[in-house]
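Next up is one chain by itself, shown in structure tokens, the form predicted on its own.
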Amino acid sequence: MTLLDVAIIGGGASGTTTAFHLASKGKKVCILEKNNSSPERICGGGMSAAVQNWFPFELLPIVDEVIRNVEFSWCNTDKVVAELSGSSPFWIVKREKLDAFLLDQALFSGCDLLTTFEVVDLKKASNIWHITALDGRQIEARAVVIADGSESPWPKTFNLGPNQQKFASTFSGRIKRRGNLGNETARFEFGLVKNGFAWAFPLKNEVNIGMGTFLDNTTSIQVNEILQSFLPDLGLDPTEAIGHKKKLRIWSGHSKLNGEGILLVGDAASLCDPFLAEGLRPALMSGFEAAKNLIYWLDGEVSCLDSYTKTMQKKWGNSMAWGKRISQVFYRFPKVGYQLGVKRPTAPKRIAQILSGEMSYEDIAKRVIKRLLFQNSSSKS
């Protein structure tokens, strides 16, 4: 049995990103994917154009729509529109297209792929990981990357990720026409979903629609009721929506994302934004950072992978800590939050800058603190 440098469990966006960067540096890598094809993967599909910084090849050819305007509404009324800057727009992609494209790049760089490989046993002995599939196939590797999404059992098995996992209840669907959703325009609806929001993201001739609730793990989304209120305003028929419900792991606190020779990436690492549910940017970021740290480790330049957790905390987690605070306040008092948070003159632009990757939640919090300090000092003078 040939010993791999890295075995990657899961062939989605985070796993294939990790695989590409490792393979392009000459590492022996294999993706272990439980499916045998790339099925339609319906989700929001939104990501900041800033993700291009993590790849040496162009992503724009697979982008379905470049978003330059973001429209916000409260119960389909009281609408506000924010423009994204031309330097860093928001991209909408079909997940199945993105995943397949990144997989092709990884395979072209020398990565191997095993399909219908459903991992049922994962253990380490003598510094080597032994991985067994449901059908009995076995793989050995020096390191393992867990990239099999929100339903992954492995973070809990190895005591990685948040101690108290938080989930968003979501629904994602797709409609095979555009309705009246404007060109280069994404829609966020904050009034119809309890403790959350609904969205509509345009594709070339289709629309990704969805909703999520973020504060209560037990909340059941009233999908049909919300679709019947939301979609007609977009010129769409609720009966046209094809989709599914899903529990999505969201960021819920700083946590350890690595062990000895094992890393969590993407949704398995619980990196999803707890306010706006952005998952693709942290998935691609974590794949890039995981590969970088693994290369140092495999080459003997570092003795442990702790710097991966520290890097993700600094580059993503610190902002998400503020995003969690914003989410807890906004979704508990959504009407007040919409009036003060979205309708405030600069607020839509700030949310748009978060979506485009130009700002973090931490940046916004610091601006608010500065404003309060200035107002406080002015009142004393």
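What you see is a predicted model, and the numbers here were worked out from it, not measured in a lab. The first residue of the shown sequence is 1; numbering continues from there.
Below, we turn to the form predicted together with a small molecule, even though it does not appear here.
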Contact test, all of Lys27, Trp129 and Gly261, partner the small molecule in the model of the complex, heavy atom 4.5 Å: no
Which of 74 to 82, 232 to 240, 194 to 202, 291 to 299 sits within 4.5 Å of the small molecule in the model of the complex, heavy atom basis: 194 to 202
Selected contact from Leu257, Ala283, Val144, Ala106, since only one has a non-hydrogen atom within 4.5 angstroms of the small molecule in the model of the complex: Ala283
Candidate from Lys166, Arg174, Arg178, Arg95 lying within 4.5 Å of the small molecule in the model of the complex - any heavy atom: Arg95
Close approach of Leu305 to the small molecule in the model of the complex, 4.5 Å, heavy atom: no
Exercise: Gly323 in contact with the small molecule in the model of the complex, heavy atom 4.5 Å: no
Touches the small molecule in the model of the complex: Gly149 (any heavy atom, 4.5 Å): yes
Contact test in the model of the complex: Gly44 vs the small molecule, heavy atoms, 4.5 Å: yes
